[in-house]
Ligand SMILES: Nc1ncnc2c1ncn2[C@@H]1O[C@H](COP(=O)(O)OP(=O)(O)OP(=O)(O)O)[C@@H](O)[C@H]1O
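Just the one chain here, laid out as structure tokens, in the form predicted alone.
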């Protein structure tokens, strides 16, 4: 089967660009990401990684190009439609409800993807959504503090909670934005274990500055520099790519991209 076969690909990004009043944030980027793949998006600060995620998720429109999700053109679809089709994302700063408990955050995530509308007060101990929320908590390892308010969690625990929320409704593709940012060494080890435990039914695309984590959990790596795709390959190939090392050490300038 070809790389363009929608039965084998979760995401196709074709010639996607985004300009902000003359500033080029993403320029003619193309990606082919297979179903079940773990893909890392690497690059220095300002490389365009989060903007690329914003485009795929629908948070901002593309200036040009095309985005396909499991063979369907979603370029001009709303965020809600993309979520309904199974596309989820996290953000650099965890987006949770700090005054609610961990379990309540997870219940809200489940309600959100189910398109149902009702208050948390109507959910009893035996409600199926509460059971689903606890199953999510156990899946990601946050069940021990399920009844604690989210504001009491450590930074690493908040990242775990956000991941659990993103997994509500069994997404097909998860965009994970800098999951290791600000984590302690022990929290990074836990994060790596959680990522590796995810089912291959979920395609994972991860922005990460920590090359050790990214190269350790991903099948393929794409590297951006000044909004352009400048390298792709296996973790082994990228780890041996001198241009990538130069970029991370700050020696590559825009003219070299």
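Treat the numbers as computed from the prediction; the structure is a model and nothing was measured. Positions refer to the first chain, counted from 1.
Just so it is clear, the following notes concern the form predicted in complex with the ligand, a form of the same protein that is not shown.
Participant: Tell me which stretch of 28-36, 50-58, 197-205, 228-236 has a heavy atom within 4.5 angstroms of the ligand in the predicted complex.
Facilitator: Looking at the other structure, the answer is 50-58.
Participant: Using heavy atoms only and a 4.5 Å cut-off, decide whether all three of 23, 45 and 178 touch the ligand in the predicted complex.
Facilitator: Yes.
Participant: For residue 76, is any heavy atom within 4.5 Å of the ligand in the predicted complex, or not?
Facilitator: Judged by the heavy-atom cut-off of 4.5 Å, residue 76 is well away from the ligand in the predicted complex.
Participant: How about residue 209: is it within 4.5 Å of the ligand in the predicted complex, going by heavy atoms?
Facilitator: Contact check for residue 209: yes, within 4.5 Å of the ligand in the predicted complex.
Participant: Report yes if any heavy atom of residue 92 sits within 4.5 Å of a heavy atom of the ligand in the predicted complex; otherwise report no.
Facilitator: Answer yes; at least one heavy atom of residue 92 falls within 4.5 Å of the ligand in the predicted complex.
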